[in-house]
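Below, in structure tokens: the form predicted on its own, a single chain.
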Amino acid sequence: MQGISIILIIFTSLFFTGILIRTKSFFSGRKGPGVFQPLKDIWRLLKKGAVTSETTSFIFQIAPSIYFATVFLSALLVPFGDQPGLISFSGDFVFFAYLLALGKFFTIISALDTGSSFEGMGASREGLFSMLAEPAFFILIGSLSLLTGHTSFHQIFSTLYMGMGSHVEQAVVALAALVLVAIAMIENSRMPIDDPKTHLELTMMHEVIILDNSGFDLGMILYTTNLKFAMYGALIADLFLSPSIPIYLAIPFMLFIQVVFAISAGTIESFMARFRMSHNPQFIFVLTSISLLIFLGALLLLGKIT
């Protein structure tokens, strides 16, 4: 049962973006594509060959594979309730964060490898916002580690859950879920940081750095985004999964949280306008402030402050 988490993450990644897009279609009064239409589009791309510019080097060719490999390996660290991920060790959340950073790094330098100042502009923005979101993640997980006394994802989430705890503990878990949702939106370049449907040169971020990718490479990048969304959804679900929940109830509960997360992401994109570029750092710094509130809550629960 140790590998059940990655199985659920892969399964969820097959329909996560479809639910998100269908939610946006609902709120805009359109029928919209089927839930599995994004997966069909990815499958169509995976069957095509990739066209590579003569100005690029091997970096551009290997970047999509490294991006996928880092996200998949990160997903192996995510536990499921009281079941550890396929990879679990003390301090694994640090390894998790920097695996994702490695994938982001190769995505950025592959955009720079094209020699396009346009793609360089988007790569600079994506790198900046990911860097600003990093403190929020580490303060959040570090606070939960301090609260539980453990340093691995499995031990942290198997100790901390939304049960019959105090109101402070419930507030800490709720704020942690909010921060993880926002980080997922930032890391996947979604609203309100970025609009994946925009093609305005001055405001594009993620879409511009993958403009030169095509065929199999583009399909791999798009699927990796789905996988990363599902991975963050699994982390959010772990916040609320009690170790006492039997496995036959825990599985539908995690799938339910994933669906709620996808609908929430679609709702955010339907009712929130994209921030002006200069306001994005302010929004990300707010997440760090919320993480500091979680840290103070952890100190309060531990009796370090009164």
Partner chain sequence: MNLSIGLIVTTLLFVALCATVPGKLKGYVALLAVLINAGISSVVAIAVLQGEVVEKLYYGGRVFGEIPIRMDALSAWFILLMNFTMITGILYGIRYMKAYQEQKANLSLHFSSFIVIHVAMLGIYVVQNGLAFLCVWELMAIASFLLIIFEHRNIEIVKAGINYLIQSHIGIVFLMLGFIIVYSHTGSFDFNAIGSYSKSASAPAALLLFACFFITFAIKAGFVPFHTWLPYAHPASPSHVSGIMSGVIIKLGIFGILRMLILIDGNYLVLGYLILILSAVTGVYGVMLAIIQHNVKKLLAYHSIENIGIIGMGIGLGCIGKATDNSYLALAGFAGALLHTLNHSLFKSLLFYCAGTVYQATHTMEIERLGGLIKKMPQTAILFLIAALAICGLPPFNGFISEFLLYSGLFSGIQSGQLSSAIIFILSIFGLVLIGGLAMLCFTKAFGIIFLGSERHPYEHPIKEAELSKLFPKYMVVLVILLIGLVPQLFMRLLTRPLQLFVNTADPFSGLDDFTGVMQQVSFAAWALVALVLLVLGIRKLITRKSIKDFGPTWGCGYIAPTPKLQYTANSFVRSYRKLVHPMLIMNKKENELKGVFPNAVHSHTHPYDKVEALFIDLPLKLLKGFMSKFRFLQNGNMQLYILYGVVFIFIAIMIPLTMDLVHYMVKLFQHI
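Not measured: the values here are computed from a predicted model. Numbering follows the first chain given and starts at 1.
Another form, the form predicted together with its partner chain, is not on view; read the next lines as being about it.
Asker: Spell it out for me: taking its partner chain in the predicted bound form, does every residue among Ile42, Ile245 and Ile257 have a heavy atom no farther than 4.5 Å from it?
Answerer: Not one of the three qualifies.
Asker: Ok, Ile221, Leu211, Ala177, Ala184: which has a heavy atom sitting within 4.5 Å of its partner chain in the predicted bound form?
Answerer: That would be Leu211.
Asker: Consider Ile7 of the chain shown here, and say whether it contacts its partner chain in the predicted bound form, taking contact as heavy atoms within 4.5 Å.
Answerer: Taking the distances in the predicted bound form, the answer for Ile7 is no, it never comes within 4.5 Å of its partner chain.
Asker: Tell me, yes or no, whether Leu249 is in contact with its partner chain in the predicted bound form, where a contact means a heavy atom of each within 4.5 Å.
Answerer: No, no contact at 4.5 Å.
Asker: Even though its partner chain is not shown here, does Asn226 get within 4.5 Å of it in the predicted bound form, heavy atoms only?
Answerer: Asn226 lies outside the contact set for its partner chain.
Asker: Any of the heavy atoms of Gly34 lying within 4.5 Å of its partner chain in the predicted bound form?
Answerer: Output for Gly34 is no: heavy atoms all beyond 4.5 Å of its partner chain.
Asker: Given the stretches 60 to 68, 236 to 244, 258 to 266, 34 to 42, which is the single one in contact with its partner chain in the predicted bound form, using a heavy atom cutoff of 4.5 Å?
Answerer: Among the listed stretches, the partner-contacting one is 60 to 68.
Asker: Heavy atom within 4.5 Å of its partner chain in the predicted bound form: which residues of 104 to 127 qualify?
Answerer: Lys104, Phe105, Phe106, Ile108, Ile109, Leu112, Asp113, Thr114, Gly115, Ser116, Ser117, Phe118, Gly120, Met121, Ala123, Ser124, Gly127 sit within 4.5 Å of the partner.
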